[in-house]
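Here we start with a single chain on its own, the form predicted alone, put down as structure tokens.
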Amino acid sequence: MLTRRSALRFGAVTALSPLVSNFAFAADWAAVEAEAYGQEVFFNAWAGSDAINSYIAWAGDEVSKRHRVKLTHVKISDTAEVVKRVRDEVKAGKTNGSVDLVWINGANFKTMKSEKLLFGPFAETLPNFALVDVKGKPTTTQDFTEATGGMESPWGMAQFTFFADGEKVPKPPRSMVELAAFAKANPGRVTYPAPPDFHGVTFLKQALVETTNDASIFARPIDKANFDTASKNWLVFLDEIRPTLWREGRQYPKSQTEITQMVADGELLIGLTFNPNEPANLVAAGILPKTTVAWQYEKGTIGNSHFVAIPANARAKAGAQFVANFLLSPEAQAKKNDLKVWGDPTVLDMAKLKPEEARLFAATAVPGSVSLPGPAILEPDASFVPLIESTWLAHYAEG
């Protein structure tokens, strides 16, 4: 059984759905643990990575040993399908739902929250939430500008990161302006993936953030007329950098994976990723050279957290809370952070950990790890994405 932290302050919480109104929340942790014992938790999570699948299997073994909670990984490829399934079940009045825990963030979370498809708030009263770095990592309570409100529990971090062979790029560009200068000095050796690739859209978001004068616009929805006004400098930047890109910007790689291979082959000088530990993993796998360096921009790059949430009609709500709390434990976070296991950055605050807990995260710098870090910038409101994509396609699509 997990140890409770006596310093944790519990607050009153209220369910948002009549389907869950009589169930104990994490604020009554003893009741949650008692109810969780022996439950089976159906965890719907993306299954596109063997490393992640193995980590979830390990977590399942641990919660089973600790509290006889059976964690069943329901392997999915699209979280939106899970949202639709929960919506249909709730609409039909099904209280014994098929989803107990879901790996989620962004638009899918906003949809579930706005449609009252989530159980909670529960996250901020989990015992281990007291260890989360909510100040240094504001994305742990803000999901694409949407306040989590305790309706989802942070699991890991992601931040836009660049990488290159340090021998070829001894002075990495630390802003979009510096990247443009680098591309001009090294024509054809820099590019980004074409939208709707996630990394390509993130590159365009980063450029928009750095070229827009009023940063406050990113915290709220935007319409096309206001976007057209706000994006004028952005389009000037994209126009200027385009002829210096790979194939003079007449063609763009389809994915971040393609760009990574082009960096490995020497065709491009700079790669990009949303996992700060990916370059080190690629070095360890022998794909990139040991001289690889990784960095973020000096004033920050776009970052976010990913989360786990509990549907309103989940059958094993107590077991799901038990699993969510375990996933926030120093042991589970440190293992997830390990480059040999997953390499997913932690959401915890090292200053809040006991010395022996902090040592679990201690590791010497390895080739490819981030040597020039920058702060995380919150994602723009989700309404920016379709406008970014449609505007880019109108101006820069092939043909």
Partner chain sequence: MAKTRLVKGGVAFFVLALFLLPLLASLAFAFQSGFSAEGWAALWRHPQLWPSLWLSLATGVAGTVLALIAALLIVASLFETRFWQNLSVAMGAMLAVPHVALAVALSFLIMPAGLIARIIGLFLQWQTPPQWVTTHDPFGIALTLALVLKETPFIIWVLAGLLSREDVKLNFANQRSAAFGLGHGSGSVWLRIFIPQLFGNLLWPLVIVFVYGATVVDMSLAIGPTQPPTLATIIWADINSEQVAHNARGAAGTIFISFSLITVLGVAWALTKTLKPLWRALLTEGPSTWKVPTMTGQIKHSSFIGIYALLLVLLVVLSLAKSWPFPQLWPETSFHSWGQISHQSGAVVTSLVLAFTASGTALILLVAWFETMPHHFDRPLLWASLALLGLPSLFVGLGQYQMFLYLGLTGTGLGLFLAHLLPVMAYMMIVLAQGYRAYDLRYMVTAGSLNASLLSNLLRIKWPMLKAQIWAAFAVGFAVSVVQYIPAQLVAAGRFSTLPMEVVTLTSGANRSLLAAFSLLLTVPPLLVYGAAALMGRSRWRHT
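Quick caveat: nothing in here was measured; it's all calculated off a predicted structure. Residue numbers count along the first chain shown, from 1.
Omitted here: the form predicted in complex with its partner chain. The next part is about that form.
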So, in the predicted complex, is Val134 in contact with its partner chain at a 4.5 angstroms heavy atom limit? no
In the predicted complex, does Thr111 come within 4.5 Å of its partner chain, counting heavy atoms only? yes
4.5 Å heavy atom contact, Lys91 to its partner chain in the predicted complex: yes
Since only the chain is shown here, I'm wondering whether Pro355 would be in contact with its partner chain in the predicted complex (any heavy atom pair within 4.5 Å). no
Consider the chain as shown here, without its partner, and state which of Gly149, Pro138, Pro221, Gly188 has a heavy atom within 4.5 Å of its partner chain in the predicted complex. Gly188
Given that its partner chain is left out here, which of Tyr252, Trp234, Phe203, Phe227 has a heavy atom within 4.5 Å of it in the predicted complex? Tyr252
Its partner chain is absent from this chain, but in the predicted complex, do Glu240, Ala280 and Ser371 each have a non-hydrogen atom within 4.5 Å of it? no
Only one of 121-129, 171-179, 76-84, 323-331 gets a heavy atom within 4.5 Å of its partner chain in the predicted complex; which is it? 76-84
Within 4.5 Å of its partner chain in the predicted complex: residues from 261-291 (heavy atom criterion): Gln261, Ala264, Asp265, Gly266, Glu267, Ala285, Gly286, Ile287
